[in-house]
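Only one chain is shown below, in structure tokens, and it's the form predicted on its own.
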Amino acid sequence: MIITLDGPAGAGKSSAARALAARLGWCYIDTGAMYRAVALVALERGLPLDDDAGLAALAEAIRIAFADGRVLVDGRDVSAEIRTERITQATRPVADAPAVRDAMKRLQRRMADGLDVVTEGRDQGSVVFPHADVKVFLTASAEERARRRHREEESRGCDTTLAAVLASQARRDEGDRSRPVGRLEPAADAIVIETDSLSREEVVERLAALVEARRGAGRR
């Protein structure tokens, strides 16, 4: 069974997907972390970020895995490294490259093959897993998403302001919506959940209910 969670940054999809996968005992795929991992290794190896073919080959060559909340590349824990601002900036051209997205689509489908999976990103229900059992698009107001990201940044010791986070988020949203491939948009049959007034636990409860309803429909 495959559950896809798509949506903009700050909507709570990563924490909700991780919690739902843990609750169900399923595999969790953080696709954003996968693109960040490719960007990290590309920078380390001096691979130009405009070399689409080279980046796609790199994505196919390295081994990305998730274990106990960590992101591993060829067995190395890169969980902290891929969350730096340097990697955030480098990830955009990597994620915008059609050849890389094609390679990632194949990799993500291989990762999910034969497993029960919760996968989250921008194009999981619309592109990567169009036949997923449950598709969800999590969203929230721009102000609420910025507040969440600002709290996150402060918890990491980053010196930033809410206004700066909101401006950065607006640029990111526009870029995500205008990507030539893998753009941010809900799948036609996705269930949209607005998370402004919901806690993570409440979001997870709603998602778990959707999974149970789908299971029930399958048993009839």
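Please read all numbers here as calculations on a predicted model, not as lab measurements. All residue numbers are counted from 1 along the displayed sequence.
The form predicted together with a small molecule exists for this protein as well; it is not shown, and the discussion that follows is about that form.
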The one option of Ala95, Val117, Ala140, Ala146 with any heavy atom within 4.5 Å of the small molecule in the model of the complex is Ala95
Applying a 4.5 Å heavy atom distance criterion, does Thr31 contact the small molecule in the model of the complex?
yes
My question is simply whether Lys135 lines the interface with the small molecule in the model of the complex - judged by any non-hydrogen atom within 4.5 Å.
no
Partner contact for Asp52 in the model of the complex: the small molecule, 4.5 angstroms, heavy atom
no
Going by a heavy atom distance of 4.5 Å, is Asp176 a contact of the small molecule in the model of the complex?
yes
Taking 4.5 angstroms as the heavy atom distance cut-off, pick the stretch from 62 to 70, 44 to 52, 157 to 165, 176 to 184 that is near the small molecule in the model of the complex.
176 to 184
